[in-house]
Each structure stands twice: as C-alpha cells, then as structure tokens.
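In the form predicted on its own, a lone chain appears below as structure tokens.
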C-alpha cells in the first residue's frame, strides 16, 4: 500500500506587504507518484516547491514530509530531509570552481561516497543528458542549457525519495526537454516521487501524469485521462 509522502493541510503563505501567495492549500501525494505543478506565472509554484524543500516556512497550516510533521522542525533536523529530497533549481546553483563531473558527484561525496565509486555513475548521467565531452568543463564556460542539464544530473544521482524540479526544461529546446523528462520518468519507475513545476503545456500533453494546478491562491487536481478537475482534493 502506497504511503503519503507529501501532505499539505490548510497551508497558507504570505509575503511582507500583505501579499498572499496562496491560502488554505491542502493536497496529498503518495510515494512513487509523478505530478506536474502548473499555473500562471506568479501563482506560487516555486514557493510551493520551496516549502517542500524546507527553504521556506508556511505562514500557517501543517506540512508532513516522509511521514513527519515538519512545520516546526529544528534547523538541525533539516539536513536529514534535504538528503531525501533533491531539487532542480531554476538558477542551477552549481559551484563555479568545480567541473561538471565534480558538481554531479557532490551530493554523493557529501554522503561520504568515495569519488571513484560515484565517478562512473556521474559519467553515465552526463552522457545521458547530452554532455559527453564536457566532463571537465567549468560552469562559467557553459550555456544556460548545459548548466541546467548538469543540475539535473546532480539532482538525480542520489536516487532521492522525492525529486522537485522548478522549470527544469526552461533553458533547453523541446527535444532535449522531453529527453530530460524521460530521465525523471525512469527515476520515478524506480520509486522516486516526482513533482515538476512547468509552464510548458507540451510536457503534460507528452507525459500523461496528473497536474496540480495553482490558480487564485487555490489548488486543484487535473486528471490526464478524463481531463477532470477536482477542487479541494
């Protein structure tokens, strides 16, 4: 039986200046599922991902991750959850003084895995995302699309329990974007829960997974087969 791995109960998020990002958001994602997170620009998609990644705290409400209520966890407990949840950021967040290969292996190196043990896995991932021959390149010498692909390889190398991706195809062409989604799909088949924020409606059409749709501070579920929209699920 699948367990709930992400749960929002009446979660609200406000920014200074009485700006409401969303209010009373409730939804539950089961482990091993794949969802797109969609909605207009400014609807709060990135903020929702940051709440899951514990980069922000909600104004009110409760969030449960991996079976734990994390709404009031201590700072010292955050690394445990971060080790289970990988994030593909819009701004890449690569380390400029490390090569592409060194950036990709970094999460495993931080877990104490010897470099030679994770090197082959990193090389395979870089090859998969189309960066064969760029293993020793440094991020400042690469294009935005190449940096994005390094960031994706780095995010998936740990085979995390949860993968969050914020506009992961925004800096690549459509063909490469679909290929990267296939990589996420393979990770999902191995048990990782995947949540991909995107404004590109071609992706939900190409990959028939449910959408969490943010609109007017609320959230609804769009099922791919029937096109049915469920509010307050």
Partner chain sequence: MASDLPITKNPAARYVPWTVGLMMYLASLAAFLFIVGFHFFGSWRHDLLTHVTLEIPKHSLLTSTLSQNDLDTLILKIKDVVQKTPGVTHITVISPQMGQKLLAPLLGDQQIILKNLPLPTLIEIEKNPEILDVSILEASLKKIFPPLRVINHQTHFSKIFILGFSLEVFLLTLMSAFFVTALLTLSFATRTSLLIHKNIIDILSLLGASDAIIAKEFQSNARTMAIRGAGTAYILLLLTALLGFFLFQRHETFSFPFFFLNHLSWTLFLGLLVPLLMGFFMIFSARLSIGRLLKKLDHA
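Small disclaimer: the values here were computed from a predicted structure and weren't measured. Residue numbers count along the first chain shown, from 1.
In what follows, reference is made to the form predicted together with its partner chain, a form of this protein that is not presented.
- With its partner chain omitted here, the record of contacts in the predicted bound form names 51-59 of 183-191, 30-38, 51-59, 168-176, defined by a heavy atom within 4.5 Å.
- Its partner chain in the predicted bound form comes within 4.5 Å of no heavy atom belonging to residue 119.
- Within 4.5 Å of some heavy atom of its partner chain in the predicted bound form lies at least one heavy atom of residue 105.
- At the 4.5 Å threshold, heavy atoms of residue 127 stay clear of its partner chain in the predicted bound form, well away from it.
- Residue contact check for residue 144: none of its heavy atoms lie within 4.5 Å of its partner chain in the predicted bound form.
- Applying a 4.5 Å heavy atom cutoff to its partner chain in the predicted bound form picks out 110, 115 from 110-140, in order along the sequence.
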